[in-house]
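There is one chain below, alone, in structure tokens, taken in the form predicted alone.
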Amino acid sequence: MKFSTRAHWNAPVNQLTRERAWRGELLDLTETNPTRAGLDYPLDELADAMQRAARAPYDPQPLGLRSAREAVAASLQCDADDVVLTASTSEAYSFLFKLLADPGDDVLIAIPSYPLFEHLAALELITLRTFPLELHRRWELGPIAPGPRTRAIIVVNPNNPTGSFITPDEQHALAMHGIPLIADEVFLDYPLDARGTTLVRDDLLTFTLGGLSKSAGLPHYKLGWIRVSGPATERRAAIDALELIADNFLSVATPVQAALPELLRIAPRIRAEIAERTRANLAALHEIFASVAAARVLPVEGGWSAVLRVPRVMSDDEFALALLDRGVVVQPGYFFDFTTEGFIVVSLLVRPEIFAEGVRRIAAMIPA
């Protein structure tokens, strides 16, 4: 049977994944699922909120239930009419690509970056073009060159995996291109060595993304949102069009929408525990690598990940495979489109005892 060419349906499994599959217990420094990270969730409160919400009647509102949108708007300090609910951030991208681009158009995104975007763009028959994040004293946006078919610029604020925020000056420079902006801010609530500002503009059509997956550590509740900002006429036209798109899917479950006001009241406590975890692990990472002259913890301003610069005595893939032999799982830099060797990525969400031991094994493997 012939399938479409939207994606590589039969892409081969990479060697690192194959090798990992048959190993025994490993120190997994790639874990980014908060529900598997040993966090102390208020499970009874969450269950009670969802149990009460289960009584809500089905009311298919394409943009989302008014009560849910008002709850999001209160947390974002915006108007509920500027909020669109989705089942996930990935679905938000799908909606926005449908809104902004025709097949063959392109969107721009900085690299290094999370590998999901390539697949989301391909499924919408649009092209993903890249521009660099450049490492100076911090990670900074490099030159951006929109083409004649560029329909949007995506920024992740803070970036995953570099953890770099988009500064106000960079936000202004992005807006000067006059192209709609998509700002993925799922990690904005997790500052580490800096604090970022949201990318919301009055002068340019801008779509700011968030959701329960990161802001409340509840990826399995499947609810995200788009905040639309920009000139009033363009903003209203975009929201009307998004309502038409969403009306064809009606994908956000009623119970999680009904529970959302209460979930957002609970969320700060979950966020606080996640933030404590990521800060403690980053401190441990710096402490362990302080005496490793040949490697470096790269600047990280926010988010759940950290990037290590390691000696290029072997490829990143070989380095990750060698660490598997020592019982440690990391992500090689090329997973995130680093353009040169010598980068590995670790998650700061990992249980502290696993994280510290895994990082010590990485440090022990690096030549003096």
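One rule holds for the numbers: they count along the sequence shown, beginning at 1. Source: prediction; values computed, not measured.
The following text describes the form predicted in complex with a small molecule, which does not appear among the structures shown.
- request: May I ask you to state whether Phe131 is within 4.5 Å of the small molecule in the predicted complex, using heavy atom distances?
  value: Result no; Phe131 lies far from the small molecule in the predicted complex.
Heavy atom to heavy atom, is Val72 within 4.5 Å of the small molecule in the predicted complex? Val72: no, not in contact with the small molecule in the predicted complex.
_Although the partner isn't part of this model, could you tell me whether Ala183 comes within 4.5 Å of the small molecule in the predicted complex, counting any heavy atom of the residue?_
No.
query = Does the 4.5 Å heavy atom contact test between Val156 and the small molecule in the predicted complex come out positive?
reply = Residue-level check for Val156: yes, a contact with the small molecule.
Notebook entry, point to check: Which residue among Gln171, Ser88, Ser229, Ser94 has a heavy atom within 4.5 angstroms of the small molecule in the predicted complex?
Noted result: Checked against the cut-off, the match is Ser88.
Tell me, which of Gln257, Ser213, Thr150, Thr198 has a heavy atom within 4.5 angstroms of the small molecule in the predicted complex?
Looking at Gln257, Ser213, Thr150, Thr198 one by one, just Ser213 meets the 4.5 Å heavy-atom criterion.
Only one of 156-164, 247-255, 121-129, 172-180 gets a heavy atom within 4.5 Å of the small molecule in the predicted complex; which is it? Result of the contact check: 156-164.
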